[in-house]
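Only one chain is given next, in structure tokens, and it is the form predicted on its own.
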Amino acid sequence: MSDKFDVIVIGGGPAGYHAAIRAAQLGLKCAVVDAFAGKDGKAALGGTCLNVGCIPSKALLDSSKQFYNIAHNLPVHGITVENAKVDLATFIGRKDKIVKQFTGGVAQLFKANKITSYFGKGRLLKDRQVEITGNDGSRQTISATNVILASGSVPIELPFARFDGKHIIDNAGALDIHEVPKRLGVIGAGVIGLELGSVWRRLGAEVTVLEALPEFLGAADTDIAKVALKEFGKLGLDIKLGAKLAKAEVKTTPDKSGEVHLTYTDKDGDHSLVVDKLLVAVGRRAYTEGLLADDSGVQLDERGRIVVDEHCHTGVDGVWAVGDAVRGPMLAHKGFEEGMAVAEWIAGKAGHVNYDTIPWVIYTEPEIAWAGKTEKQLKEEGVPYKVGSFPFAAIGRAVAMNEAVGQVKMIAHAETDRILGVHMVGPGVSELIAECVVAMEFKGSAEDMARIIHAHPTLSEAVHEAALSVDKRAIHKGN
């Protein structure tokens, strides 16, 4: 036994590195075991989020938006640019630089907080021992008073559409395409499929999205989803609902580049589709393979997730689990809060995570964001409610930006007026949702929001007017 720590975290992604830093801040001797490697094969802390998820996808979304605006949005401002082109090497290179900046930043934070970092795959043994297997096959064992499992998640692979890294790709592959495909197929109209499909559509690819479910964005509010679907159609995303992929076969082409032949079924029967690349984005699953020794005592549920209680404890003394590897939404910020809360519980403090006010965001154009309950959920639960909504078309700032699309919808309890949910689609809603989360966290009412002064002209006025609309008193629209 070479080392003994107060806390060992297995996994250096969002949940893991937040847990480690908070534990170190609280005076605990901490180590992190992580096997994620960057393009250079060296350790790259930050997990999926920083390396091949949240951060790089937003970099490409922003770059592709700049290019798209040149042809589609700048002319209305009287600005014309001739023969605009994309240098994909620079396009992808910018993303890589941002990734390296942030993964390096986590490494510096570890150094500043005196956190010991181990590069390798961690495996929990009994009695809170952790076996580390390096990339060279070497092994060592360390132990701790507490172990936090933060192993994250991996893309779900379809048995009839296996990833080959070239023609059939996952989210990581879609971030590293070095030639704009003429035809891109996307399986799954979720967050990853919509965001990365938007990136390549803006650059000129013909994008067809096959979604097996009959409704679009089932987790979002129905009114918001309808607006989003219409706007994605204007962008040129061909989204086919109720379309179930049956087969994906890579075939050789005369130029040796290859293409993917798809067979899918919908209410009208069988169909075929040929694409140059296929992004499979049907969701993610907890990454727990090889994480637990048979005698570790930690249990997995039917979906391979680590079983925990309301305090993220596994039931095994001193063993906790957080992030994508446990129940709840697979969101980086949910993992942030769980990681920090567990560190505080370990240190004897009052950690807290409110799962009822976790915001969801899809960074497409327009953006989609929500927090709390949808109208459908409240109906099913028999909760009395009232609704107010307001369009960005009546917001001066949105019109001036030429982004007057979408709306804010606020749902409040019919009797107490407490805000139960806020749902948005439109410009900048990834930022606007924050004030709604704050209001909900403090058990605020629609009346509270309606009486808060919002600067003019701002996009946030849509939130203010939606709150007024809950009681039929919005100023800039008929109630």
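Quick note: we count residues from 1 along the sequence shown, nothing fancier. Since the model is a prediction, treat every value here as computed from it, not as a measurement.
Missing here is the form predicted together with nicotinamide-adenine-dinucleotide (NAD); even so, the following discussion is about that form.
Colleague: Okay, which stretch from 402-410, 101-109, 127-135, 282-290 lines nicotinamide-adenine-dinucleotide (NAD) in the model of the complex, with non-hydrogen atoms inside 4.5 Å?
Modeller: Only one stretch qualifies here: 282-290.
Colleague: Are all three residues G193, A212 and V361 in contact with nicotinamide-adenine-dinucleotide (NAD) in the model of the complex, where contact means a non-hydrogen atom within 4.5 Å?
Modeller: So, yes: the whole triplet contacts nicotinamide-adenine-dinucleotide (NAD).
Colleague: Can you work out whether L235 and nicotinamide-adenine-dinucleotide (NAD) are in contact in the model of the complex, taking contact to mean some heavy atom pair no more than 4.5 Å apart?
Modeller: No, L235 sits far enough from nicotinamide-adenine-dinucleotide (NAD) in the model of the complex that none of its heavy atoms falls within 4.5 Å.
Colleague: Although nicotinamide-adenine-dinucleotide (NAD) is absent from this view, report whether M330 comes within 4.5 Å of it in the model of the complex, heavy atoms only.
Modeller: Residue-level check for M330: yes, a contact with nicotinamide-adenine-dinucleotide (NAD).
Colleague: Please run the contact check for L245 against nicotinamide-adenine-dinucleotide (NAD) in the model of the complex: heavy atoms, 4.5 angstroms, yes or no?
Modeller: Yes, L245 is a contact residue.
Colleague: Could you confirm whether G188 comes within 4.5 Å of nicotinamide-adenine-dinucleotide (NAD) in the model of the complex, counting heavy atoms only?
Modeller: The answer is yes: G188 has a heavy atom within 4.5 Å of nicotinamide-adenine-dinucleotide (NAD).
Colleague: Since exactly one of L74, A172, V316, L158 fits, which has a heavy atom within 4.5 Å of nicotinamide-adenine-dinucleotide (NAD) in the model of the complex?
Modeller: Looking at L74, A172, V316, L158 one by one, just L158 meets the 4.5 Å heavy-atom criterion.
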